[in-house]
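One chain comes next, on its own, written as C-alpha cells: the form predicted alone.
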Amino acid sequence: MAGRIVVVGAGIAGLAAAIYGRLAGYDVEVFEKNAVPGGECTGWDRRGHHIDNCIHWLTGSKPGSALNDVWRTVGALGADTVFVPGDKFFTARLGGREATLWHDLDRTERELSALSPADKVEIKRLIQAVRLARCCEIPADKPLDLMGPIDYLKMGIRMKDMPKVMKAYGDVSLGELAERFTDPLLRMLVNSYMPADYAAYAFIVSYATMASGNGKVPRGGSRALTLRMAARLEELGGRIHLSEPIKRIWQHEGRAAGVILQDGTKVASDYVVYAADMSLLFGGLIKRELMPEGWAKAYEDRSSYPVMSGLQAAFSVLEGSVPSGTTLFACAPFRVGPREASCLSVHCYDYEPAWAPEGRAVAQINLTQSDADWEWWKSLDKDDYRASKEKAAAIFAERLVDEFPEAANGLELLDAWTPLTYERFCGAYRGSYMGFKAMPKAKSPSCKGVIEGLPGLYLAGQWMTSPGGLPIAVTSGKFAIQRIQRSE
C-alpha cells in the first residue's frame, strides 16, 4: 500500500478524496459525525414524502468533460444514470405575466423581446453573454497550483470566450444588471433567483451551464447520488465510520499524524484530509493562527465576503397545482426577522413520483438568507425560534396559495428549516450551504489545499474557492490526493 489516509467528513469532498485515495492505492478511513454520509448533499423523509436538500442542477452532467469524468469515477454518475427531463432554468411571474429562461436560448431571446420590445438590445446582450459562457469549465484535471504552462494554454483555449463575458459583466452585480431593464418582470427575472449583491457573471455562467446541457439533474436526487458514492468507496475497500466525530487533529513531531476521536482514541495515519467546514478546523481542531491569510481576511471582512443560506419549507401539494421545476413569484410583502421580502421561490418535484403519495407532490419554498438573518435566528431562544419558524412557514403557505389557488387542496407542511439547521447538522459557517458569495470586484478567497506549518494535513471542500457548491467539492477531493502524491 502507498500509505494510510484519514479523511474527516463524508460529504461530497470527503467521499471523493477517499475514493481517489483508494484508487491511488492508499488505505483509507473516513470519519463522519452524522449518522448518514453526504453532508449538505442529502435528503430526508417526512410522512411518506421525500425532501431533497441540494441538487438544483449538477454541473458536469454532460459526457465528454473532465468534470463528468470525475463524477463517473466517484460513482455519482454512470452509464445507466437517468436524468430528469427539463427544458428550462426557471420561470418568473409578476402581475399575471411570466417570463422563462429556456435551455433554448433562441426561444428565450425571442419570447423576452416580445414581452418587452423596449429591452430588446439589453436582452440580446445578455443572451449573447450566456452563449459565450457555455465554454466555461471548472478545472477538474488538476488544481491550478499543479498546472504547468501547457495546462494553462489548454484551459485558455477551452475557455477562450470567457474574457469577453468577464469584461462586460465581471464588475456588475445582479442588482445593477437588473436596472438595465425597463420591464419590471425582466428585472425580477434577473434579480430574484440569486441575491441582488451576487456577481452577475455567476448568474450568467449558471444559466449557460443549463443551456449547454451540462447542468442536468440525476434521477433520485441528492441522497441517491451520495449513497452511490458511498457504495463506490466501500466496493473499493474504503471504510466509513458514521456517528464518529473527531475531537482534534493529532499532531506529532510537527506534522499531522492522524486524528483523535471524542473518546480520546488516536487513529494514526500518514496523511489527513480535512473535508468538513473550514470554520470548524481553525481554532477548533488546529490553531487559528494556521489559517491561510486569504481566508482569514474573508472571515474577518463580513461585508466584502458575505455568505448565503436559506429559510425553507417543504409542503405536500396536489399534483399539478404548482408548476414543475422552479418558479419565482411576486407576493404581498412580509417580514421575517430583519428581512422584508415580496418575492418567493418555489420548486416543485412532481417529476419524482416516488417522493410523494399518488396524486401528491413535494413543493419547497426558499427565501435566501444573509449574515444578518443568521445573526437574528441565532439571537432567539428555543421557544421564539420555534414560533418564528412556524410563523414563517404559515406565511409561505399563504403566499403559495395566493399565487396558486389549487395548492390549497390538502396543503400540508412537511418540514421547515433555517440557517441554524445547516449549522447544527453540518457545522456550516453561519448556516451557509455554499462557500463565500461570488461578489463583483472582490477577490475570491482560495487556498492551495495545504497548511503552511502543518505538513501532512490536506484540505478539501466547497470552501476551497468561491462560490463553492458540488463541483468545487468533488474536484477538491480529487485534488487533495493529487497533492499527497505530488508530495511523495
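For every residue, the number given is its place in the sequence shown, counted from 1. These figures come from a predicted structure and were not determined experimentally.
Although not depicted, the form predicted in complex with a small molecule is the subject of the following passage.
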{"query": "Proximity of residue 41 to the small molecule in the predicted bound form, heavy atoms at 4.5 Å", "finding": "yes"}
{"query": "Partner proximity in the predicted bound form: residue 246 to the small molecule, non-hydrogen atom cutoff 4.5 Å", "finding": "yes"}
{"query": "Contact of residue 11 with the small molecule in the predicted bound form (heavy atom, 4.5 Å)", "finding": "yes"}
{"query": "Proximity of residue 200 to the small molecule in the predicted bound form, heavy atoms at 4.5 Å", "finding": "no"}
{"query": "Per-stretch contact check against the small molecule in the predicted bound form, the hit in 238-246, 118-126, 352-360, 403-411 (non-hydrogen atom, 4.5 angstroms)", "finding": "238-246"}
{"query": "Contact residue in the predicted bound form, chosen from 448, 49, 62, 33 - any heavy atom within 4.5 Å of the small molecule", "finding": "33"}
{"query": "Among the candidates 457, 426, 438, 67, the residue which, in the predicted bound form, approaches the small molecule to within 4.5 Å (heavy atoms)", "finding": "426"}
